[in-house]
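Encoded as structure tokens, the following chain is the form predicted alone, with no partner shown.
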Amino acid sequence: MTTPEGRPGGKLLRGVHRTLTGLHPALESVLAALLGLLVGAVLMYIWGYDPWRAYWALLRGAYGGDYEIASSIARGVPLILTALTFSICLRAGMFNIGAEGQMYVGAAASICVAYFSAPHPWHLIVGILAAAVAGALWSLGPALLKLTRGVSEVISTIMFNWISRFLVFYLVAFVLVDPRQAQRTVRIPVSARFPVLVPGTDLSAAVYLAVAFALLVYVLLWHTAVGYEVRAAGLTPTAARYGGISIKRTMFLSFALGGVAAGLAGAATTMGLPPTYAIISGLPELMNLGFDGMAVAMVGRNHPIGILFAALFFGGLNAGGRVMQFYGSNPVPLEMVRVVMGAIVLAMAIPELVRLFPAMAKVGRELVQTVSRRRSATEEGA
């Protein structure tokens, strides 16, 4: 009797099946992107704008030439790293939304290399290491609160974001301030800057750092025993604990690795973003990169390789969105551009949000229980 595997063409069918199965998430993302574009087109049409011209402007502004492509990649570099911060902890079963604060601290630490001199590339390497260590140290606060007191990482990382924000405000205004231009910090010296890859653009060698770290995370999580333990602890903590995996160790490792990624995002922004090479008062170049990274992680399915493509897509949206505001005789206003971009991003994130809904519901229940216990303790104390 001939088995299905032994039939002529069996290998070909199995290969097609494996290919389609492997492409399933990618096909979902493509369909979700088309749905988001369709929703954005309908919204623009209802409000009297030409969606086809607007999308043409978006495409040209994002990928219409060397300058546009370089700008899209440059805008996606810090998003790769902040997205990794969120996805690493999510793989370990935690919602770390502290990339914003860890990135602020990393950026401030990288500025400190301006106070001493060293030859290139050692000066650059010292700045990168300083930012990575600062981000990792800042992430240990929520990690220790989680491991020792059971504090929800959602609450603690939010609080640490606010603390780091106002701490860096203070450092920029009073400690790291440039005595000649009080609206910014001292500038990163030339010997500590990432080389610019395309003259006339803001694309620097920081992109190599982001891609290398993403590949490192991929190898660590999917091709090492430590990475297997992290993912097992995130999928089924009880089974992983009975299997001899230390949940506390995986949590600590994921927080520290995520903090390193966020610190590197700060370094990439201060040391690799011409022409400023400093932190401006009010942190406009850093603001919201950590939160945008969460959306990038969702669109990239919380996979390091998917995050690389999602960050390039986000960078293109940001670069092309500016062109939509000035293209043609009926340009799309900034508010409508943001609505369209939000519709596209939300549509692309829905498949991953559906997959993560049970874990999100669990975190929500833990928050409600924490608030209820604190309220009861307060009432008993009163």
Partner chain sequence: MNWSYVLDLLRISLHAMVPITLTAVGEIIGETAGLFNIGLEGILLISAFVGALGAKAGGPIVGLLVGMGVGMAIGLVFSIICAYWKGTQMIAGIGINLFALGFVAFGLIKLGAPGFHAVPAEAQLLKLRTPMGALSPLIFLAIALPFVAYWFLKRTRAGLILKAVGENPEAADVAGINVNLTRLLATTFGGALAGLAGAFMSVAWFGSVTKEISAGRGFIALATVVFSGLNPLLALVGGFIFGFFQSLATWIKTLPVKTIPWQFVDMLPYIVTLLVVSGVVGRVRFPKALGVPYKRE
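Residue numbers count along the first chain shown, from 1. Definition used throughout: the rigid core is the maximal C-alpha set that superposes within 1.5 Å between two forms. On a predicted model such as this, the values are computed, not experimentally measured, just so you know.
Just so it is clear, the following notes concern the form predicted in complex with the partner chain, a form of the same protein that is not shown.
- At a distance of at most 4.5 angstroms from the partner chain in the predicted bound form, all three residues Y49, F86 and V339 contribute at least one non-hydrogen atom.
- In the predicted bound form, no heavy atom of G65 sits within 4.5 Å of the partner chain.
- In the predicted bound form, the partner chain sits within 4.5 Å of a heavy atom belonging to G150.
- The partner chain is not shown here, but in the predicted bound form it comes within 4.5 Å of a heavy atom of A349.
- The closest heavy atom approach of D292 to the partner chain in the predicted bound form falls within 4.5 Å.
- Look at 235 to 243, 67 to 75, 167 to 175, 253 to 261: in the predicted bound form, residues with non-hydrogen atoms within 4.5 angstroms of the partner chain sit in 167 to 175.
- Of the candidates I158, V133, L140, V196, I158 is the one whose heavy atoms come within 4.5 Å of the partner chain in the predicted bound form; the others do not.
- A heavy atom within 4.5 Å of the partner chain in the predicted bound form is found for exactly one of Q181, N288, T224, S117: N288.
- Annotation: Cα of G316 displaced by less than 2 Å between this form and the one not shown, core superposition.
- In the core-superposed comparison between this form and the one not shown, the C-alpha atom of I69 has shifted by less than 2 angstroms.
- The pair L346 and E68 is looser in the predicted bound form: their Cα-Cα distance rises by no less than 3 Å compared with this form.
- Compared with the form shown, the G36-D292 C-alpha separation decreases in the predicted bound form, the change being 3 Å or greater.
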